[in-house]
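Single chain ahead, by itself, as structure tokens, in the form predicted on its own.
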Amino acid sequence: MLIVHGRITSINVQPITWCLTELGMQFQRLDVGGAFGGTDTAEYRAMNPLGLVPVLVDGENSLSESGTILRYVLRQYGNHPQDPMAAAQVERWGDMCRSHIYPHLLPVIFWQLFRTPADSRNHFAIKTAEANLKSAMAIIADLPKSPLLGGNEPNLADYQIGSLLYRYYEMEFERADLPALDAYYAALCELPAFRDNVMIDFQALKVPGA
């Protein structure tokens, strides 16, 4: 059985468990990281020297890094294209997401609104991140979808981009008006595995005064 080390409130763990659930894979998820701890043991550091989640264990092998785990799972058990160019056409949007959406949404918007007291927020950083997100999300909104990027079933790009959208829509900040992105998110919300693994209440992560 596959084992996923990582708390379900982690936005880096959620795409992994969503993907595994969508594929109908049997797996066990262990509460590790954050308030649960468990990432500083010698055993865990052997799997991920950074001491971060997630870690996937498949038999005698382990993997860290969310994007790497997704690519492995989809190549080994899922629908990732075998043709290198076809695979790259999917992977580039996942890479774009990690480079141009994640850094503005999580380390800036989420951190400022949820992990920083209101009187200590960096409003310039928030405004800059908002502008960058508007540009990046406009590109995602223009990608062809039917109704997902992977058609009727999620592909690698859906898992990487879609797993960020719950927080994107639930946090209060200035977003671009993108009906096509709204429709894409609505289609994701119709997936039971998305609701069970990504639409996880994260209000408990807010620090006092935020």
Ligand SMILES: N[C@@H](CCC(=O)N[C@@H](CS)C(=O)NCC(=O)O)C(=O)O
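These numbers were taken from a predicted model, which means no experiment stands behind them. All residue numbers are counted from 1 along the displayed sequence.
Beyond what is shown, the protein has a form predicted in complex with this ligand; the following relates to that form.
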Using a 4.5 Å heavy atom cut-off, indicate which stretch of 7-15, 196-204, 21-29, 182-190 touches this ligand in the predicted bound form. 7-15
Contact of residue 150 with this ligand in the predicted bound form (heavy atom, 4.5 Å): no
Even though this ligand is not shown here, does residue 98 get within 4.5 Å of it in the predicted bound form, heavy atoms only? yes
Just to confirm, residue 53 within 4.5 Å of this ligand in the predicted bound form by heavy atoms? yes
Verify the contact flag for residue 65: yes if a non-hydrogen atom of it lies within 4.5 Å of a non-hydrogen atom of this ligand in the predicted bound form, no if not. yes
Partner-contacting position among 114, 102, 77, 93 - heavy atom within 4.5 Å of this ligand in the predicted bound form: 102
Are there residues in 23-37 with a heavy atom within 4.5 Å of this ligand in the predicted bound form, and which are they, in order? 33, 34
